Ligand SMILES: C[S@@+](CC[C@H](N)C(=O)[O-])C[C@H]1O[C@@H](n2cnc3c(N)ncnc32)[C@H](O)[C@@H]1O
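Next comes just one chain, in structure tokens: the form predicted alone.
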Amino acid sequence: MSVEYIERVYNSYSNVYDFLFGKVFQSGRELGPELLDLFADARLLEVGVGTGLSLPLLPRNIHITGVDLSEGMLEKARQRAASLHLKNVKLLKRDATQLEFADHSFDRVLAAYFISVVPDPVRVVLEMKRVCKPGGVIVFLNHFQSEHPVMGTLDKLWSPLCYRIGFRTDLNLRKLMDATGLKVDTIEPIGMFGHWKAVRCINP
């Protein structure tokens, strides 16, 4: 998947994304703030903020920066932030492989239903690590390839089909952690049948 392809796909989704993916992923989004262990005046970066579905669930006494590649999705997020009268939110267009923030800028980083969308997940996670403070928390809400032999094979088979609609199903969590130097602190199943995971890591 190229960056241009992903941007085009998610621009086309912007008007229907909430209808298609809002309620189905709600349980994960509700768990996200708990795993982030947020505190007053914390600086949170949400990478792949999309239409801002996480924004209503986050506390108002923190500083939120949301970034996304798709201008169409960001426009919906801006509308949501305005409707909620959120003054603590900044929304920016960014390529997640080049976040353009200084090292250690954020206390917490969230990637909700995003990391299997990008063409180079390793590079994106390394950027997330770079901008997160040492000892800070990084949380992923995502589908990862099953460790079960049969389901893992199916994930590989389905991935080329899912690619056409903008994500992959064969992203292996263990390999991603090994490649980026992150370690899983906690992992919890979310969504139907637990095929999606909430993964919390502590930035080294």
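A residue's number is simply how far along the shown sequence it sits, counting from 1. Remember, predicted model here, so these are calculated numbers, not experimental data.
One more form of this protein, predicted together with the ligand, exists but is not displayed; see below.
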Contact with the ligand in the predicted complex for Pro33, defined as at least one heavy atom pair within 4.5 Å: yes or no?
no
Evaluate Val117 for contact with the ligand in the predicted complex, applying a 4.5 angstroms cut-off between non-hydrogen atoms, and reply yes or no.
yes
Verify the contact flag for Ala112: yes if a non-hydrogen atom of it lies within 4.5 Å of a non-hydrogen atom of the ligand in the predicted complex, no if not.
yes
Arg29: touches the ligand in the predicted complex, heavy atom cutoff 4.5 angstroms
yes
TL;DR on 128-136, 67-75, 101-109, 83-91: the one with heavy atoms within 4.5 Å of the ligand in the predicted complex is 67-75
Look at the candidate spot formed by Gly50, Leu53 and Asp95 and say whether the ligand comes within 4.5 Å of a heavy atom in all three of them in the predicted complex.
yes
